[in-house]
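Presented as structure tokens, the chain that follows is alone, the form predicted alone.
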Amino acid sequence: MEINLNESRQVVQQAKAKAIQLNVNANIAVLDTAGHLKSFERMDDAFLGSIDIAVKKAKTASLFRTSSANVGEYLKPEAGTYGMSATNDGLVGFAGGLPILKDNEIIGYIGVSGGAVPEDLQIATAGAEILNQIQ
């Protein structure tokens, strides 16, 4: 199963609502399961440098089918796989990239950047959870 355009827009809107609630100007990227961009929104005044970070958080999550924060555990200097961060055109190993589930199956990925890392995670979580709420 693959995220469709309408679902990806719902994910972005739910994430954006959380960003507004937190007073964060975020970049929100939604990728399909192949890691290709499906939807993207740059809120007014969101940092331009965060565009690439949002996309790469989602891409990192997609490459390993887990959160970007989980991948980050392998990117730490003390991890035996420290050099892994330079692979796949660069990995982003901190919170804000998550799988999007529907019927317990990954259908896409969300990446958020623009706030502090915990805020990005809250925003991404709000977006990723929307499809499980509307079934």
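Heads up: residue numbers just count along the shown sequence, starting at 1. Note that the coordinates shown come from a computational prediction; the quantities given were computed from them, not determined experimentally.
This protein has a second form, the form predicted together with another copy of the chain, left out of what is shown; the following refers to that one.
Undergrad: Leu5: heavy atom within 4.5 Å of another copy of the chain in the model of the complex?
TA: Leu5 belongs to the contact set for another copy of the chain.
Undergrad: Please check if Lys16 has a heavy atom lying within 4.5 Å of any heavy atom of another copy of the chain in the model of the complex.
TA: Yes, contact at 4.5 Å.
Undergrad: Is Ile106 near another copy of the chain? Define near as a heavy atom within 4.5 Å, in the model of the complex.
TA: The answer is no: Ile106 has no heavy atom within 4.5 Å of another copy of the chain.
Undergrad: Does the 4.5 Å heavy atom contact test between Leu37 and another copy of the chain in the model of the complex come out positive?
TA: The answer is yes: Leu37 has a heavy atom within 4.5 Å of another copy of the chain.
Undergrad: In sequence order, which positions of 59-83 have a non-hydrogen atom within 4.5 Å of another copy of the chain in the model of the complex?
TA: Residues within 4.5 Å: Leu63, Phe64, Arg65, Gly80, Thr81, Tyr82, Gly83.
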